[in-house]
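As structure tokens, one chain now follows by itself in the form predicted alone.
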């Protein structure tokens, strides 16, 4: 699932090292990685940042290393066993943590996530300024020094092309700011998108497109209405001059076609955009079509399919040079990471946080450093509201959902599975805020009265009887398997809830998150997974709104829909807070699902390597990989 679009959550089940985590995709939706997920408004653990090397106390941005020279050395890291798919990780088929962690080393933009979900400007790339709130207007200035690796300046043209690749026909009429018919983003019949972009945030919220001079370094973006996650929309662009050249066009010809609304011409680049920056043959592409604009490059890199890919410095990078000459990403199964760390085959790991893993690392001695912290990821149980589900309004309804909520042993799950790793762990009672955030207690006080904090079997039995369900009704709990922690969670739920009248059935499956899998088709009564993210404000909307793209259980509430509309159409933080109180209360009152806990995170590394900094967001510990170096 996606993590690069602005405004979405990451579903945990498809892209994490453990099949147990997730993150924000930036497009108002979620990203799945296996065991985690995102709420869209979370902001990490500031205490962790005060303990990291090179960072000022309380600062969650990248440390300033001063003048550095690239060391002739190699550092090994692994995000998991999945092979890298290519230079374009902004497609629906490639936007995963696995790909993005690698590609982010080669693709700069106007901003980056800090360790706690704070958005920091990247002034080496450029600057931006909010010049008007009504209408919401931002002025962007790309640095004069910012160039693609082949020496071509990064300009307005690249971001204009970014806008076009996200644009369906209904938004591209007449080109940038025009009124005539044009269909750049659609197929020849005007139906469907030709460009397989995972995000449409830029085009959806900025219908007239960015305004600037072709080839210029400055442009403005005016939103159709206030949008709270506007900073995230302007993530990295792709080299428009390459897309044009490889599609038989001159760069100026492509830019003018977008400005004119010439859909036929712009569509000529779609095939290259969708396939030309990918590497299905698992061979390094021609360096001329993948110019980096980040600290690392594919020009001179090595790729051993199924084993590793090694990036090398971008000699034309305009920012600080990378601290280490060769950054190698090993394609290694998560269960091998701890042993590989000890053997020196991998120098930095971010394994699933389990009691056994932490103990193994602690027993490895002082040659290795262990870091822990709160992740912006939370576990949850979501009900299925479809007619065939026992929890639908046509069957057991709210009473059945209440019976289940009263028997789920949330505290026992934490005591047995989470507290041994994080003694401060607590039952999580919200979806849009984490227990370590300032707003958490205030929102809980107004949204939830604690009725499901403790298991109450007798009250659960009363609700079960009220629901009218038959004794022994099967309740299938689906999740991405294998995942021992989730298996243990289901076992604990079964021990408790079978006493009430339910028959809990473990239906964990390897394809749970895959196209056509149980989550997508609704083949479950309860879905067990996690959302992971980075501090976005409106990323929860497609999860909870009626018909939302990530509303897998088909929940519907007019109250929730109206509140989300208010959240997503203002930049006022007071409105965000008040409306999210309404959302949280309604989600508890109607029992959309049951939050369980925030994830503990674990990072371990060779103690000789500096600047390895825990990051709570989906960008993971590799967020500053260009700063890693041995002492």
Partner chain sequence: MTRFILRRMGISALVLLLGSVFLYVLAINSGDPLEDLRETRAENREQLIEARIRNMNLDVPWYQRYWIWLVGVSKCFVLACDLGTDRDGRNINTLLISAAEATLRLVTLATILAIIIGVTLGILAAIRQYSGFDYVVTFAAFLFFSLPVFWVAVLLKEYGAIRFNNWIADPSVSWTATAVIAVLVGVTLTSIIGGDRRRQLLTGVATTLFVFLAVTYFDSVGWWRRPALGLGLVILMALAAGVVLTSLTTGLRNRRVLYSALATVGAGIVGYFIFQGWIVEGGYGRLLLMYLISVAVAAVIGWVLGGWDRGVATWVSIGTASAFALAVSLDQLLRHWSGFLEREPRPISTIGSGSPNFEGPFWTGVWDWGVQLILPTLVLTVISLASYSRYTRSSMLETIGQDYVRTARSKGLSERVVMTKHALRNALIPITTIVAFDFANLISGAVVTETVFGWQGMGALFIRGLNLVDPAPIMAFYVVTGTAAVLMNMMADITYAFLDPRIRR
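Positions refer to the first chain, counted from 1. Only a predicted model underlies this, so the values are computations on that prediction, with no experimental measurement involved.
Below: the form predicted in complex with its partner chain, not depicted.
Though its partner chain is absent from this view, in the model of the complex it lies within 4.5 Å of a heavy atom of just one residue from 297, 429, 199, 269, which is 199.
345 is the sole member of 208, 139, 345, 446 with a non-hydrogen atom lying within 4.5 angstroms of its partner chain in the model of the complex. Looking at its partner chain in the model of the complex, residues 441, 557 and 566 place no heavy atom within 4.5 Å of it. Residues placing heavy atoms within 4.5 Å of its partner chain in the model of the complex fall in a single listed stretch, namely 274-282, out of 274-282, 238-246, 414-422, 396-404. Residue contact check for residue 340: one or more of its heavy atoms lie within 4.5 Å of its partner chain in the model of the complex. Taking the partner from elsewhere, residue 486 is found to have a heavy atom lying within 4.5 Å of its partner chain in the model of the complex. The closest non-hydrogen atom of residue 165 lies beyond 4.5 Å of its partner chain in the model of the complex. The shortest heavy atom separation between residue 463 and its partner chain in the model of the complex exceeds 4.5 Å. Residues 74, 76, 81, 82, 83, 84, 85, 92, 93 of 61-93 are found to place at least one heavy atom within 4.5 Å of its partner chain in the model of the complex. If you compare C-alpha positions, residue 437 and residue 625 are 3 angstroms or more closer together in the model of the complex than in the form on display.
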